[in-house]
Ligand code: F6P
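The chain below stands alone and is given as structure tokens, in the form predicted alone.
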């Protein structure tokens, strides 16, 4: 197979980009009546307006040709058929099985995994109902009113994002907290005002050996037992999302309260697995089922819809155009919905852990950009923070605006104001404000350079009727599959994450050195050695308080 940059489809896109370089969005809209009605796609209740991207129908046709040449249709089928497309770990990639209906058949090594998925979902539903209606009680007989989920990475970012996104649908007589950082402050602040007798901990670790998660779980165990004083209390206040029954049992958790998942589910793709137990307790099994239905609907759309109308494919291919042919290194995700305040952080892991790769599936170094940086904040907050750079800075930052026609919390005319800002920002980024317009407004000549907006900044706008569990499932699956599209074109493995391993293994070594009673001989570089020595010299003695 030829290298990506040697493919005629790639070279055609390079020539096309060069030919289109001087054509601005203002020019495009002037020359193309009805562009805003034409360059858009709709499906499953989502409306994607990409007319403010620096693309034409000819650009999209070339991108589709590239995707087909890179084998995208076959790769989609390979994923859904359970083939081991995670090449470096020899694993299937089947987050789509987590939301498949009971009558579906998805095979891994000849075994239909869908019944296993639904057995776990039924187990989760039964447990969630007992917690929500008070039948599950703590060691002292008190009802559980606080749920603390302990995880890290995908075991935390997904549940946190989902809870915040669906808070409107959550049990308001319960408290939900999340602990991920090994910094003791995270645990201390999450539990400071909670009653241990009313608190349930969900420990999320596939191997039950993730060092940060287990450190926080042990802190939770000590906190619980300090108040309840009985080792048997652990079984009433802790459950596990894991696959290692021996370690779970050794911790004191009843294996009957262990919720499993599989090695064909990557952490950043696991929020709709047992990792979502806190989400199910918060919103209830029925609403969780609606979310799964949203995921599955987008899966089916992605698998069966032609590329020209395929929402994840369109988003993924436009992202490749912006990154590889317009030179954008970053994408801003800007949800005009306070409930989605953690959505950009969730997407950071989904996109950057998936496609932050520099070698191809065959191990060759790439000679093109992959994995742009994803970031963002909810509108309208970001407008008073970083939008200055988006509008007048020197960097090209494509934007994804996300908005909803209806709000769950109508307060006066505030939702209309929120959406007015969303629409206005996309318009301002695209068309800007030029010298002639400023001069016509009698702006002082000395100020015109400072008040000029060059425009031609690309953005897409994604609209849905309402943010509810079904819509959240659609949104997450939309981005999951757009990431996959980009990984296929870039010829990288979007489903491994070897880049996180080196720092983790070095931290284990360094942690042992910090814990040693006698200072060991350090064998790091001179900078790391000096930092370790300084920390050891200046840290408080064990049990001592902070320095004044």
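None of the values given here were measured: they were computed from a predicted structure. Residue numbers count along the first chain shown, from 1.
One more form of this protein, predicted in complex with this ligand, exists but is not displayed; see below.
Could you check the pocket for me: superposition on the site C-alphas, this ligand placed as it sits in the predicted complex, then open or blocked, blocked being at least 3 ligand atoms within 2.4 Å of backbone or C-beta atoms? Open pocket: the modelled ligand, placed by site superposition, has no clash at the 2.4 Å cut-off.
Have a look at 172-180, 130-138, 152-160, 334-342 and name the one stretch with heavy atoms inside 4.5 Å of this ligand in the predicted complex. Contact-bearing stretch, as computed: 152-160.
Using a 4.5 Å heavy atom cut-off, state whether residue 460 contacts this ligand in the predicted complex. Answer no; every heavy atom of residue 460 is more than 4.5 Å from this ligand in the predicted complex.
Going by a heavy atom distance of 4.5 Å, is residue 257 a contact of this ligand in the predicted complex? Taking the distances in the predicted complex, the answer for residue 257 is no, it never comes within 4.5 Å of this ligand.
Residue 267 near this ligand in the predicted complex, any heavy atom under 4.5 Å? So residue 267 counts as contacting this ligand.
Can you tell me whether residue 237 touches this ligand? I mean in the predicted complex, with a 4.5 angstroms heavy atom cut-off. Residue 237: no contact with this ligand in the predicted complex.
Are all three of 207, 210 and 353 close to this ligand in the predicted complex, meaning a heavy atom of each within 4.5 Å? The answer is yes; 207, 210 and 353 each reach this ligand.
Which one of 456, 471, 191, 349 is close to this ligand in the predicted complex, taking close to mean a heavy atom within 4.5 Å? Residue within 4.5 Å of the partner: 349.
Contact residue in the predicted complex, from 500, 522, 516, 68 (heavy atom within 4.5 Å of this ligand): Contact with this ligand in the predicted complex is made by 500 alone.
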